[in-house]
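Only one chain is included here, represented as structure tokens and corresponding to the form predicted alone.
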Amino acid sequence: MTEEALFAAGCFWGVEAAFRRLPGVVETAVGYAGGTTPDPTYEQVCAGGTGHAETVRVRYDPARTSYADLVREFFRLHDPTQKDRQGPDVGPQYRSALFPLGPEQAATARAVRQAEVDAGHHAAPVATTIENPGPFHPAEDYHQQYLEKRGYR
């Protein structure tokens, strides 16, 4: 039996590739969460008006890894101090966000985020939000495992 988690940490290509390598992760998909436009396209999300963030859906085996472990890895995969951007990608579609799927994940997301703040791992305030994901909309097929399809490992 697997569980599911949603993470937004900038451009979804590299984030997906990083999560795919983690022990216990059995499947990933890129898509869009946290917005209001039904069935958004990549072009609509990139334009910034849908409210969605580029998001990675992670299916994992809870006997091999925990949601808390995945959230801790999320904080290591990107710069959680950047608001509405990651590197050269700018806009709310590239925000740092945790999208918990239920109250248990929400409590864990809050606790791990606070532990990051309390530990002082970051030189600036943590900008990661914890949001209601709304429906997850898978991205177009050509975005799935994009870096792997192009030979990056």
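Everything numeric in this text was worked out from a predicted model, so none of it was measured. All residue numbers are counted from 1 along the displayed sequence.
Omitted from view is the form predicted together with S-oxymethionine, to which the following refers.
Q | Proximity to S-oxymethionine in the model of the complex, single hit among D89, D69, E104, E27 (heavy atom within 4.5 Å) | A | By the 4.5 Å criterion, the partner-contacting residue is D89.
(Q) Against S-oxymethionine in the model of the complex, would A18 count as a contact residue? Criterion: heavy atoms within 4.5 Å. (A) Output for A18 is no: heavy atoms all beyond 4.5 Å of S-oxymethionine.
Q: May I ask you to check whether F136 falls inside a 4.5 Å heavy atom distance of S-oxymethionine in the model of the complex?
A: F136 lies outside the contact set for S-oxymethionine.
Q. Y94 near S-oxymethionine in the model of the complex, any heavy atom under 4.5 Å?
A. Yes, Y94 is a contact residue.
**Q.** Contacts with S-oxymethionine in the model of the complex, stretch 8-38 (heavy atom within 4.5 Å)
**A.** Sequence-ordered list: C11, F12, W13.
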